[in-house]
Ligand code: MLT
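Below sits a lone chain in structure tokens, taken as the form predicted on its own.
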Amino acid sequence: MKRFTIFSMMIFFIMGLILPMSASAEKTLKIGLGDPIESDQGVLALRFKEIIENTSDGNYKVDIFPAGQLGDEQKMVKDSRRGSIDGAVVAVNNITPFAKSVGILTLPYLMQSFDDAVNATTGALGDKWREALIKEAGVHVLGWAYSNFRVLTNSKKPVTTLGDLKGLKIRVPKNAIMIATWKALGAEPIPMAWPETFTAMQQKVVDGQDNPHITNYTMKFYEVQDYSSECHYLFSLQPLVVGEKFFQSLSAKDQAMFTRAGIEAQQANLLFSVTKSEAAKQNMIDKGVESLEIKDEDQWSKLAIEKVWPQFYDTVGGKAEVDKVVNALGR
């Protein structure tokens, strides 16, 4: 009887250890966004969440923290790399400080269409950036958000020609190529963290900023901006990344699941961006923002390519690397 009692106690003790482990088997992923949940970043992240939670047999839960709740985008990249968060959706210009070669994707007027953006992030080129970000930034790309071209908004004056940019104070990310681009075009770029942008425009610290229509609308920039100019100097790409150490800690089965979820989320985002960009533009107009066409964008393009690209050939891996990407895009 005594032996039975001791044996029973041992069983209860062991079960007490096992049950809490089973109860905590679910892994909760912490994913940050720079933009609101209604944005194209949110579309990508929500679809990824849905797929992971539905296909992982309850092993994973995904918590999304939008609108910079986890800090600015460059901080989220660093936190993903070190493992204090699991991943983030960030603008590619905010990841290039950690992976210089990926700066090719922020060269002005490199991409000229949605097709260019898709071709630049899939196939051999997609593999190129994935490998570069693993090696240089310590993060693993699972999918891309296609946010369309960054248009210029401002509260000071209509911008339809190159000369109209003179004296215009434009908020830009802390990205050397984008800063150099606006300088070359004659504006006054002011590097600033994304969470500070709305207040800076509200207080007239800066006159404007550049982002795609969907971002401009979901961020409610119509409250502080009067004009929107349809420039096409940069297609906004936003990768969903997780820390490479985290990705390598996954089983082969889970790696395949995460990869598949990223691809499907990317496809959902592409459909959203293609169909909703014009609606967001119209929403901005309906809120009182005047939409303007650029009359001399061929001059913008020529000036930016001639003045900016050569400044960064060495930074992004050499002119030959840039030429390879240009050729791969069929130009």
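This is a predicted model, so every value here is computed, not measured. All residue numbers are counted from 1 along the displayed sequence.
One more form of this protein exists, namely the form predicted in complex with this ligand; it is left out here, but the text below deals with it.
S.K.: Taking the partner as it appears in the predicted bound form, which of 167 to 175, 78 to 86, 113 to 121, 126 to 134 has residues with heavy atoms within 4.5 Å of this ligand?
M.R.: So the stretch in question is 167 to 175.
S.K.: Give a yes or no on whether each residue among 73, 94 and 211 has a heavy atom within 4.5 Å of this ligand in the predicted bound form.
M.R.: Each of the three qualifies.
S.K.: Of 217, 109, 194, 144, which one comes within 4.5 Å of this ligand in the predicted bound form, counting heavy atoms only?
M.R.: The residue in contact is 194.
S.K.: Is residue 269 close enough to touch this ligand in the predicted bound form, meaning at least one heavy atom pair within 4.5 Å?
M.R.: Although this ligand is absent here, residue 269 would stay clear of it in the predicted bound form, with no heavy atoms inside 4.5 Å.
S.K.: Counting only non-hydrogen atoms and a 4.5 angstroms cut-off, does residue 238 reach this ligand in the predicted bound form?
M.R.: Judged by the heavy-atom cut-off of 4.5 Å, residue 238 is in contact with this ligand in the predicted bound form.
S.K.: Is the gap between residue 140 and this ligand in the predicted bound form 4.5 Å or less for some heavy atom pair?
M.R.: Flag for residue 140 set to no.
S.K.: Using a 4.5 Å cut-off on any heavy atom, which residues of 130 to 169 would contact this ligand in the predicted bound form?
M.R.: If the 4.5 Å heavy-atom criterion is applied to this ligand in the predicted bound form, 130 to 169 yields only 150.
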